[in-house]
Each structure stands twice: as C-alpha cells, then as structure tokens.
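Read the single chain below, which is given as structure tokens and is the form predicted alone.
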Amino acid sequence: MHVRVLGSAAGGGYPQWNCNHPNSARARAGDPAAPRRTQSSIAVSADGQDWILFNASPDLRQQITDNDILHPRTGLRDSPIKAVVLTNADVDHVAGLLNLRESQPLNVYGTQRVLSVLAANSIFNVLNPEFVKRLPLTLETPCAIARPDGSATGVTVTPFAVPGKVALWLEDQSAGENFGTVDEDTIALEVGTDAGARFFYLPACARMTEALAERIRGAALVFFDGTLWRDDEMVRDGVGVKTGRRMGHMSVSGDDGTIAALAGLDIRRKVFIHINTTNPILIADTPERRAVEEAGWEVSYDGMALEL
C-alpha cells in the first residue's frame, strides 16, 4: 500500500495567512528548518496508479500540482483520483471538494452525518451528481472503496467513532456542552488492502480511551492528531481564545497527551499530522521536535511518502 501526505498542517495551513506568530514568521521567511505546509490530507493507493483522497483540503489544487502521482495521464480529461473519504465536516477537510467540480467521475464517501452537511449546502452540487456519487459509511462496518465504474480499488476502510466534536461552523450553542456532537461527527479509519497491509488514520481526536488504545495497539502505522503541543498554546501565545480541548483535539505533550497515551502500545511507526501553525514541533530545531522524535514519533511533512 502506498501512502502520500498531501498536507500536514491544521486548518489555515502553515504559515496561516493572517498569522505573524514566530513559527509562521520563520516559515514565511523561508527558514529551511520551518518548511511550509498545506492543510491536512493524505492519498492512498493499493496499486500506485489509482488514488483515494482522505479528506479534501482547501489546498487540494496546489496539492495535486505538487504531487505528480495525482496528475492526469491519458486523454484530454483524466484523473487518477478515484474517490474521496471524509472523516468529518470541518472546513479544512471538505472545502477542497470544490476543486473537483469539472464533471470528473469519482466517489465521495462519508458518514450520513457528513453527507447530510454536504446535502444541506447547495454549493457542493458543483460536483455534478451525474458523475460524482455520494456513498455512506457505516460505523464499524468495513467498506470496499470503489472506482466510479464500480470496480474495486483494493482498499477497504473501517470507520469508527473517536472522541471529538462537531465542526466549529456547525456548533449548536443551545445543545449543551457537546454543541450537538454525535458519534458520526468525528471518525477515524482503519485502512487496509487486499494484500493485508493495514494502518490507522486519526487526524482529529479529543482524548484517548482504553478501547481506542487497544484498537491501535501493535499497528504498523498510525497517523495521529498533532494539532497543539499544549492545550492552552493558542491562548498563551496570544493568537486565539480556544483551548485544544474546546476545539476537540488532544495535546501532544503532558501526562494526558498523545506521547504519553500511545507509549507502550508497540506501534511500529507513529506520525503526527494536522499540526497547527503555533505548534513548535513544526520546526526542526526546537526542543519540542527533539522530544517527539526521542519518543519515537515522526512529524509529517507535505510530500512524505510511506509504503506498507
């Protein structure tokens, strides 16, 4: 199985367009220790020819341009992108669908909750329904991802709920502390191929549970939410008013953070993705980057290629 990181940053990218945080300033200045990153997405292929996008970043057009595996190959209209799988309805995961509007056949997969969000926003109808099918994912049920003609791509996903929160732009302030969140709002994916390769993709997760820890124990590869180094990072740095918990994200550090939570789970490769512009692990020469690497973690970057 082939995996390509198309974008490794959280919403807004790195550097975020309106951010002059020291991290962003280093990236904007071209510091080689602080390479720029687009918004979170990966592409997966069983055969290295046909690709499935996992989330559609607002930066998708640039990501396609930057990754020749996604370029047209034959004819005047062509794309190796055969499907898109959505893990939630966050803007940084669905807005990129609007880049795929040129009557190109593909399938879009999501939970009924996420598909209902697309259905309620008519702008997504630019994906011509004569060419683009919207197909439901059911929690805990394996789904063989198909090409638009119905043939199998060789990739199967099993969606499962993880602790999280409804997308910020869909919050219902009258619905209590969880803002109307349901299980289908934030899912993770177990991704496998017919040949037996398998990994886990968790670009958002609010906390670790015993069930989740057991599920990913011994995995060959786990992509995990790396949004913030510490919960109050944005507040302390004066660039935001929300904590990581308020946004539905675990922190990387701390006794209840991701490094501690996944220690001892015997995971072969652990990779942070969806990393906020304020997070010091973005920068190669920081103590925080050294700490995650010493703990056996990798920090994803745009264009990172992995094979299982």
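So that there is no doubt, residue numbering starts at 1 and follows the sequence shown. Please read these numbers as outputs of a predicted model, since none were measured by experiment.
Here the subject shifts to the form predicted together with another copy of the chain, a form of this protein not shown in this document.
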item: Per-stretch contact check against another copy of the chain in the predicted bound form, the hit in 217-225, 101-109, 139-147, 187-195 (non-hydrogen atom, 4.5 angstroms); value: 101-109
item: Another copy of the chain contact in the predicted bound form: residue 289, any heavy atom under 4.5 Å; value: no
item: Contact of residue 16 with another copy of the chain in the predicted bound form (heavy atom, 4.5 Å); value: yes
item: Another copy of the chain contact at residue 201 in the predicted bound form, heavy atom, 4.5 Å; value: no
item: Residue 209 within 4.5 Å of another copy of the chain in the predicted bound form, heavy atoms; value: no
item: Stretch 81-95: residues contacting another copy of the chain in the predicted bound form, 4.5 Å heavy atom cut-off; value: 81, 91, 92, 94, 95
